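Given next, in structure tokens, is a single chain: the form predicted on its own.
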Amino acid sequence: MMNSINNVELVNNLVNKTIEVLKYEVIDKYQVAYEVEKRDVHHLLITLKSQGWKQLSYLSAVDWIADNEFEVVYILFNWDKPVHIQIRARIDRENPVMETILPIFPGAKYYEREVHEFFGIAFPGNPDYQKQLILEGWDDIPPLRKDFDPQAYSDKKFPKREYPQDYSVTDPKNQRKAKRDARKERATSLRGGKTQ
């Protein structure tokens, strides 16, 4: 096994031979990130998988609302050369579509469903990407988009509750506290009087 710095250099050489990189960042000695064109993602993922980065550790997105773009992020890991590789690609926010990577990483099926559910990004080629995974019965814009207003959603979906300004003590004689103190004292005596 090579050391981490050599692994980062190895990854960088491999990626730069494969595609044109828009942006490169060494996050630390165990993680590097590449921003690439959307059209280059599949080719780069296939190349990296063939070189040992066989584990898709994560797939998610970032909403860059000011740029009117989403950034799809893939994180790969290689057990022999321990370096995490982030592959990032920006896509249009008005028509968010990214081809599925199921032919490359079959385990991406549920990641793509989750990203669709929380950001609204379509993954053509994944037959199940539109099935709800977590947010059963959700009928609003995807909740991790920055234009989602949780307060407006809550006001629309749930009845208003009035909260009193004062409160009442439900255990006025502190019986629960007394029981906790008794348990603590017993535990201490069982340890021979030693506290941890």
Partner chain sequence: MKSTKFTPRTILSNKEIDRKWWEIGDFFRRNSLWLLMYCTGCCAIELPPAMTSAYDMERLGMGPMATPRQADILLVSGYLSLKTLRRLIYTYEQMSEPRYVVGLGSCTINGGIYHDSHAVINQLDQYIPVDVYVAGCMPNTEAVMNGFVDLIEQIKLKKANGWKKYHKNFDWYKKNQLDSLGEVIVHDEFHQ
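Positions refer to the first chain, counted from 1. All figures in this text were calculated on a predicted structure; none of them were measured in a lab. We call the rigid core the largest set of C-alpha positions that still match within 1.5 Å between the two forms.
Not on display, but discussed next: the form predicted together with its partner chain.
- At a distance threshold of 4.5 angstroms between non-hydrogen atoms, residue 30 is out of contact with its partner chain in the model of the complex.
- The shortest heavy atom separation between residue 134 and its partner chain in the model of the complex is within 4.5 Å.
- Remark: residue 164 does not count among the residues lining its partner chain in the model of the complex, judged by a heavy atom distance of 4.5 Å or less.
- In the model of the complex, its partner chain sits within 4.5 Å of a heavy atom of residue 153.
- When you look in the model of the complex, the only residue of 84, 88, 81, 113 with a non-hydrogen atom within 4.5 Å of its partner chain is 113.
- Contact annotation: its partner chain lies within 4.5 Å of heavy atoms from the stretch 145-153 in the model of the complex, the single such stretch among 51-59, 64-72, 145-153, 31-39.
- When the rigid core is held fixed, the Cα atom of residue 159 travels 2 angstroms or more between this form and the one not shown.
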